[in-house]
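Next up: just one chain, as structure tokens, the form predicted on its own.
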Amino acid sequence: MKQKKNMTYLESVHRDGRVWGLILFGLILSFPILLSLIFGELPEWGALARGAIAVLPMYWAVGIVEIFTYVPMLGAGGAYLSFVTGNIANLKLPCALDAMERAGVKANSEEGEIISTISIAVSSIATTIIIILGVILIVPLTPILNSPVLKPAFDQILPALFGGLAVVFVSKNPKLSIAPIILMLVLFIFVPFLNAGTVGIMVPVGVLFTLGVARILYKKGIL
């Protein structure tokens, strides 16, 4: 989209982000609607309403928390693109943080906005290409991917990714890192239902907890 005269970079980001967000919203809804029209079938509205009432409140809460959590870390452009493409906690957030760290910029700066957006865009393109290749090669590669020899390596991909990022950020401020590390260890060890599938929920919880701890330590003059 062409940038209007006198429009700042951030204003153009918000304009384009809203427009493409609405376009994606329409595309997502169009799929089930088109399927219903093509096959002449409609969902059972009572069951759909019961399922939505049971599930949607959790997603509303997580969605609101994620906005306040991820936007300061990713910047406006990176946040719009991440929420459109998905997989923020496992892929887009580590990629953007690492790119900004290497470039020596902050997310709340214009340079950080640009670096974050570019890194997330490249990550999304790379992910799409890998998915396409995976779909094409899934049959010949299945015996290799299911090999017991490779299973331990695949199980450690995410821990290795976040472990590498943790070393960088923990080393910058070890005093601040102690409390959230202890909290997450206690929760994942003693709360049975927490597992890899709840990472998307626990990341915002950890961020908010860390912000609270950071404020307390700052007030006490420890930071």
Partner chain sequence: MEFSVNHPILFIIVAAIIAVVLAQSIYFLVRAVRRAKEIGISRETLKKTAVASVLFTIAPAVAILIGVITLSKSLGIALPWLRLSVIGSLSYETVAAGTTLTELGKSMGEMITDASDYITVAWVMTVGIIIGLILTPLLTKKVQSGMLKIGSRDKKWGEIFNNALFLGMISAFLGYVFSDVLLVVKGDFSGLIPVCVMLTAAVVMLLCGLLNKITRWRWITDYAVPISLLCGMAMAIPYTAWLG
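The term rigid core refers to the most C-alpha atoms you can superpose between the two forms while keeping them within 1.5 Å. Residue numbers count along the first chain shown, from 1. For clarity, every value in this text was computed on a predicted model and none was experimentally measured.
Note that the form predicted together with its partner chain isn't included here; everything after this is about it.
Novice: Using a 4.5 Å cut-off on any heavy atom, which residues of 114-128 would contact its partner chain in the predicted bound form?
Specialist: Heavy-atom contacts to its partner chain in the predicted bound form: I114, I115, T117, I118, S119, A121, V122, S123, S124, I125, A126, T127, T128.
Novice: Core superposed first: is there a CA shift of 2 Å or greater at A103 between the shown form and the other one?
Specialist: Result for A103: no, shift under 2 Å.
Novice: Verify the C-alpha shift of I189 between the shown form and the other one: is it 2 Å or more after superposing the core?
Specialist: No.
Novice: With a threshold of 2 Å on the C-alpha, tell me if P43 counts as moved between the shown form and the other one once the core is superposed.
Specialist: Yes; P43 is a residue whose C-alpha shifts (by 2 Å or more) between the shown form and the other one when the cores are overlaid.
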